[in-house]
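Shown next as structure tokens: one chain only, the form predicted on its own.
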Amino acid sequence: MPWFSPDFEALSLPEARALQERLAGLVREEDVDKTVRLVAGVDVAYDGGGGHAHAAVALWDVASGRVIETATASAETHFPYVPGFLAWRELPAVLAAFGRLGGHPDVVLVDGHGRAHPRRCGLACLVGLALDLPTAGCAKSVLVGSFSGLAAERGARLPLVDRGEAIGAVLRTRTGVRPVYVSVGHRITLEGACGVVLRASRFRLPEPLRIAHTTVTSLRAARIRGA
């Protein structure tokens, strides 16, 4: 990953903005070239003061519908807390967690945004580029963009639009439940990303993300108790 440097957290905001804009041009949208058997879910949480980011990765088996492995990591945060730039705070912990994962996912789902970002380069894009894996963002809230009129049934889908551009999809994963916001991270199409999210979803969130969230919440609580 030639673009990734250990000292990226020392970037100024203008430098970080320029890097995001450049990396957005490296994101590829393409069909996943093999059967999706293992899906990784990634979630991040902060300690009470925001000085550390904790990341969890849950590896979910499509055939059995079970999580077969989890990995966690924590990293001190240095980059300032600025909306639209949070990926720079979270990426070190996420990559460290992946470094501890034994299995190799076919697709990665990130609790966050990919192209559905003001500079079209959110955490899912950075993770996908760093790992060179098919990656999609699956967020619980909108960062940028708008939509209206989503049907209530599971599988209902509308474009998420910003400045006239479809930057993602608003997807209903369970009838009558709030939607999620899916966007391309890297090496996957939006259609393919929505398909993976739906296939992995029993409740509102896909199972790999739901388990990753539970895992990272427990990790954060344990770190706070031990502080």
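Please read these numbers as outputs of a predicted model, since none were measured by experiment. Counting begins at 1, following the sequence as shown.
The same protein also has a form predicted in complex with the DNA, omitted here; what follows describes it.
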So if I measure heavy atom distances to the DNA in the predicted bound form, which of the stretches 81-89, 94-102, 68-76, 152-160 falls within 4.5 Å?
81-89
Interface check vs the DNA in the predicted bound form: of 44, 170, 59, 27, the one with a heavy atom inside 4.5 Å is 44
Consider residue 139 of the chain shown here, and say whether it contacts the DNA in the predicted bound form, taking contact as heavy atoms within 4.5 Å.
yes
Contact test in the predicted bound form: residue 123 vs the DNA, heavy atoms, 4.5 Å
yes
Would you check, heavy atoms only and a 4.5 Å threshold, whether residue 133 touches the DNA in the predicted bound form?
no
Should residue 112 be classed as touching the DNA in the predicted bound form when contacts are defined as heavy atoms within 4.5 Å?
yes
Those residues of 56-80 with a non-hydrogen atom no more than 4.5 Å from the DNA in the predicted bound form are none
